[in-house]
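In the structure tokens that follow, a single protein chain appears in two forms: structure 1, then structure 2.
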Structure 1
Amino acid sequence: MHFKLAFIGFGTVGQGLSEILLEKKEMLKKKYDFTWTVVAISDIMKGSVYDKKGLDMKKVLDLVKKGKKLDEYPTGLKDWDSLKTIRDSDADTIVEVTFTDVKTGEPAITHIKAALNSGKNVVSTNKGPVVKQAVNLLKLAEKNKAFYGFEGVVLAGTPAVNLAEYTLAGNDINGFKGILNGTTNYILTRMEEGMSYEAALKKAQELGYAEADPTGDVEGLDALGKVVILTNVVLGKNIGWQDVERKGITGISKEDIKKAKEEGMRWKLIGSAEIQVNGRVKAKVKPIKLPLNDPLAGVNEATNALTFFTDELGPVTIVGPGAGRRETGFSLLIDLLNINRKISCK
């Protein structure tokens, strides 16, 4: 199938996907019968351009990497805002990768709803809409005979949502636990090597793993959002931020790390949820001492891992990168290929 794509937002992740699409263009066509044209881009900082004949993405990438505006692209209509681009361009699939407030889900929720109400598919890496309205947005997509994909919201390009939906299909999944934040995992790895929390955090910031304000990572807020997403989407329950017990890693000392080591244990910040006998969900994010034979205990550095608890296979664990320009861009390609597969099977 041929896709006409429109990017809403064109920062690191959007550029990462563009690079992958260009590099793998022939392989995607030959192996998956997946072809594409980017017809529009709208970015609040970089400007916008729409050309129904298609944009030369090599030229686009060259422009933005030089710090130039999309207005300087040689053809097409300019000055379209995000909603006009979504509604009035002839794109059939919207790549929604704007900077979005994870707590409110905006402006991504508005963008996704506008696209789905226009009968257009959406792929997105924004957590906010999935945390706030995953079920409603999926129903809206079904109502308008469109698709909404969001693989990248949990472990970036490491397939968590698709693992549960496709590869583990036929299993009852009654819970999960995982290392859902690479920054905290990196800090705990360095602390086990002897660094203080403060020194490990500083190193994580120097490497770009942690923001200048690391609160979202070290206090467990990022992992909490992912617990909500996995609980609602994979376990089929309906919880919110307030339903998850949360504790970060700021209280873990070098002495705590040393003592765990002596006990044959290792500290990890674990996000988990489990369906109880009464049908309710117990969800939490907190530091836990794991025995070294636990698959998650051996996952170090800025790496993520997730274990699903299934009835047929028992615990199934996937390990991989949970962030990165190309890795998160790749998650969007996963969703695009899923849409391609679903449409081809109709």
Structure 2
Amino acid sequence: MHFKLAFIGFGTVGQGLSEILLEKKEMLKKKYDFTWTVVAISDIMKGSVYDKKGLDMKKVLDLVKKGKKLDEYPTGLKDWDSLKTIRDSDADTIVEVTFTDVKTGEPAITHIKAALNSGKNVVSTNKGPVVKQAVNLLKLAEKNKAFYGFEGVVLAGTPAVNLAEYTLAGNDINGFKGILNGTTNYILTRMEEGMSYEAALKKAQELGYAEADPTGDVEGLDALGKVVILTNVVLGKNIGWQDVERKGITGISKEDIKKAKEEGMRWKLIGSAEIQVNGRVKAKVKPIKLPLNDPLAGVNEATNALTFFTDELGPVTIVGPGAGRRETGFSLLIDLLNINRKISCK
């Protein structure tokens, strides 16, 4: 099937997906009968461009990498804001990759609702809407005969959401535990090697792991968002961010890390949830000092790990990238190919 895409937001993740789409164009066509045109981009900082005939994404990436605005793209309309782009462009699928706000879910919730109400599919790595309204938005998609994919909201392109929904289907999953934030895992890894907290955070930002406001990473809010998402989407409960106990890594000093190392232990920021006998969920994010022989203690850098506790198989663990430009961009390709498959099977 041919997809007409519009990007809402065009930061590192959107650019990562664009690079993958360009590099894999032939392979995607040959193997999955998946072809695409990007007709519009609207970004609050970089400006906007809409051209029905399609944009030359190589040119767009060149412009953006030089720090130029989309107004300098040679063709197309330039003054469309995000909502006009969503509603009035002839895109059939919206790639929503604006900044995340897990407390309000905005502006992404408004974008996603506008797209679904216009019968357009949405693929998004934005955690805010899934934290706040996953079930509502999935229902809205169904009502409008559209699809909403959000594989990248947990573990970037490492397929955690799809693993639970499709591959582990038939299991009762009653809990999970994992390293759900790449930035903090990267910082803890570097600090153990002797780097300062500030330098490690700066490096994580340069590598594209951290959120636009990295406070969300280091204070545990990003991991908390993922705990809420997995609890609601995988465990089938209905909790909000205020229901999760939270502590970030800012209280962990270089000395704490050194002391743990001497004891044969390692600090990790662990997010978990467990359905208790009374049916209620106990959910938390907090740094835990793990013995080095714990499998999670061996997961370093920006790598994430997630264990689902299932009734048929016991614990099932997936380990892989949890952040990064291409790694997160790739999650959007998983969603696009899923939609392609679903439409082809209709």
Ligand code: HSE
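By convention here, residues take numbers in order along the sequence of structure 1, the first being 1. By rigid core we mean the largest C-alpha set that fits within 1.5 Å across both forms. Please read all numbers here as calculations on a predicted model, not as lab measurements.
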Given structures 1 and 2, which represents the form predicted together with L-homoserine (HSE)?
-> 2
Residue 189 C-alpha shift between structure 1 and structure 2 of 2 Å or more, rigid core reference | yes
Using a rigid core alignment, state whether the CA of residue 177 is displaced by 2 Å or more between structure 1 and structure 2.
-> no
Does the distance between the two CA positions of residue 198 reach 2 Å or more between structure 1 and structure 2, the core being superposed?
-> yes
Once both forms share the same rigid core frame, by what distance in Å has the CA of residue 248 shifted between structure 1 and structure 2?
-> 3.0
